[in-house]
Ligand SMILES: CC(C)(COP(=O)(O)OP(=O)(O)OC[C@H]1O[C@@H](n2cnc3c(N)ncnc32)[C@H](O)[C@@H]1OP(=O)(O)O)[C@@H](O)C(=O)NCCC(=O)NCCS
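Heads up, the chain below is alone and in the form predicted alone; it's given as structure tokens.
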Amino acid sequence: MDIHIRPAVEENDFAAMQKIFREVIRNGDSYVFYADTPEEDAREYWFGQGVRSFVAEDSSGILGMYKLIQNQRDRGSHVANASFMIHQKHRARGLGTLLGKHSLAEAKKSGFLAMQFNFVISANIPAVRLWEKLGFFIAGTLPKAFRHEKLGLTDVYVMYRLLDDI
């Protein structure tokens, strides 16, 4: 699998990214977006002010993506936040690990001291395991904070890690 990760270019990449975005949110099991989220909202999510997005691609096209932002402004701006989406047919092949490691390296290179995920769905076991494998720990649990399409009200984790060993 020859995969290249590069900065996303809105004019060239948004259409492919939008397809993955739609596929991921359609199930209602991992992101807060409703399936009918307007395209402008998706564009703002991936290309809004202060957002740096990256895509993973091979010869067939874009396989997945992530965005890197400040978790908070001003006095919290030293902590990064990231969001990831992978095309369904490319999951469970190591792409999440590849994107996760890339995001940690980019965050460190950008001067962030830590990374925090504010909203990891507890029922998304593959994501929780991936982030733990990459050094994150569950810093807190938000009881019943997510309306899971199939499971109803579901807990959410806040996950965190320092970047000092990257």
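Residue positions are given as counts along the sequence shown, with the first one as 1. Remember, it's a predicted structure, so these values are computed and weren't measured experimentally.
The following text describes the form predicted in complex with the named molecule, which does not appear among the structures shown.
At a distance of at most 4.5 angstroms from the named molecule in the predicted complex, none of the three residues A114, V158 and L163 contributes a non-hydrogen atom. When the named molecule is considered in the predicted complex, L95 lines it closely, a heavy atom lying within 4.5 Å. The shortest heavy atom separation between K133 and the named molecule in the predicted complex is within 4.5 Å. Within this chain, R43 is remote from the site of the named molecule in the predicted complex, having no heavy atom within 4.5 Å.
Interface residue remark: S122 is not counted as part of the site for the named molecule in the predicted complex, having no heavy atom within 4.5 Å.
The candidate stretches are 29-37, 104-112, 50-58, 136-144, and the one lying within 4.5 Å of the named molecule in the predicted complex by heavy atoms is 29-37. With contact defined as any non-hydrogen atom lying within 4.5 angstroms of the named molecule in the predicted complex, the contacting residues in 70-88 are F84, M85, I86, given in sequence order.
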